[in-house]
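Structure 1 and structure 2 below are the same protein chain in two forms, each given by itself as structure tokens.
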Structure 1
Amino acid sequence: MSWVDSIPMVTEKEKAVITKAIIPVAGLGTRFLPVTRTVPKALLPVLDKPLIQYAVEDAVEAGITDIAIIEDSRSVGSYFHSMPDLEEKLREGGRDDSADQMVEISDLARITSIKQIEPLGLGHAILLARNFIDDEPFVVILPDEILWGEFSATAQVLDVRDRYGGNVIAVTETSWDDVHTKGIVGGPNVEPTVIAIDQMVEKPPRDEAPSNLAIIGRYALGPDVFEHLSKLRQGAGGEIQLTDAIVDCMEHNNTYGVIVDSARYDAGVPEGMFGATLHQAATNPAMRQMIVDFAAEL
């Protein structure tokens, strides 16, 4: 009998309200070269807002107040610093709306920058925030996974964590032709959109994949994941993988996958960024008309 045959109760520790998030942005961004030679991927814009702002907004909507941004030598966290000189100039020019918008950005959350000197993998980046997290449960948000919907994707993950405890991962149905390129989970459904994960495999061949549910960039995790991360050696691709630590946690923790109800764009590649840009543009009547006119011309 596996743990999924009798779902355990949520423990007192798991009932703790999660207020901290880690947003790692120190990867090389090789799928988005050449722009990422100098511009960090997290600062690439969808229209007028960078990916990092969408990620922070996703967190804040879910009740997160404190965020560690794991960055390389280029600063991403400074995007959220207050800019009094700019605000003053905007107000002097009668542009109070823009000035207010600038204040809102710097007031979104308490942001801490942590440096990852070498890109040794997502797991390594998360481990660098161990002291910041300080033995509490936390969320991880990957900003190049854009998830837009009625409710923030992080809030959807936290909702499942509140009801079931354990570690919770956002997943989405992917094409069977793509399963060999993604982290895939499997297990029985406990609700139509929640599965109790009993298998997690990185890039399985199509005929060995337990499902077509792929891991996407939102996680709610307990602090014991750090213990497992600290013991890991470099895995697939010479990197320390977060997935390996979550699999190690599965010996003692229940793990759930939630199929999030969100439009998804992989902004780690130009095509995904283009899709996200069209999505946002279509919400603005003038830009929507531009899309329609352009499509007609095509």
Structure 2
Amino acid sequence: MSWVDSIPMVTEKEKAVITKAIIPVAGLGTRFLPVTRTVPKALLPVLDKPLIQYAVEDAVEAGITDIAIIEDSRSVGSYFHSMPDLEEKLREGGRDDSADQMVEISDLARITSIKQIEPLGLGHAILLARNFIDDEPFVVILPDEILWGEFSATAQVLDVRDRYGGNVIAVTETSWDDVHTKGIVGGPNVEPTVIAIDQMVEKPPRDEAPSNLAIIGRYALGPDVFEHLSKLRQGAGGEIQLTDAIVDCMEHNNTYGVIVDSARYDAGVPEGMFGATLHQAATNPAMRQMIVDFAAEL
């Protein structure tokens, strides 16, 4: 019997449409100092739009309507608040298009802000949103990972979940020389771009890595992950790890990895942020030519 033949039927609960997302943004953003002394990393711009907006738009394109932003003492969720005074001034100045853009940002989704006072890791951040999720399946989006493609990366993850159920994680092929810096998954293929995960290892040595498929920041998870998160003790770095809870879930719940069809930029580091900015600038013909001209001068 093949893996495909042994895949269980998708349950009614797993068929439920996912409408909620968690976007964790707490953190010091030390790689971007000094600007992150006062500006949250999630509000740093890629060209003319902050990281958090790209993440929210990725979620909304996948059908998400309600989003919990897990933030520290600095507010990120307020970026999506209505700003009638600003809209009025823009309209008075004849800038109706800009005013309409401000309204669109406020109307993207229903945003809930949840404070993470102690930096206890990604798993802890997710656990803080348990009441918000209210026993429903949900997605997790890490805004540091910018994924651009014809279709939302979150939508690609949800498509696999709709067909196979279980938990689904976005992955990408990485260099074998870099596997020791990533969370790596392994398992047999059920489709050319989908694997049934049976191994999940954090930063393995190259000769022990089950594959070169690295976890990237899009997850579709069932609510049972909260039970596992609540039982975990603080691990490496004094943090509660989401991957540990997902591994625990694998004992009774299939987990899949999907190689998303997207251009990827790690905006958690300045080099990735710079690459993402160039990517966006290059979509504008005038700016693309500016990039070529600047490169020639350099």
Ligand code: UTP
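Residue numbering: sequential along structure 1, first residue numbered 1. Just so we're on the same page, rigid core means the largest C-alpha set that superposes within 1.5 Å between forms. From a predicted model like this one, the values you see are computed outputs, not experimental measurements.
Identify which of the two structures, 1 or 2, is the form predicted together with this ligand.
Structure 1 is the one predicted together with this ligand.
With both forms fitted on the core, give yes or no for whether the Cα of Y54 moves by 2 angstroms or more between the two structures.
The answer is no, as the C-alpha of Y54 shifts between the two structures by less than 2 Å after core alignment.
Core-aligned, what's the Cα displacement of P34 between the two structures in Å?
Rounded to one decimal, the shift is 2.8 Å.
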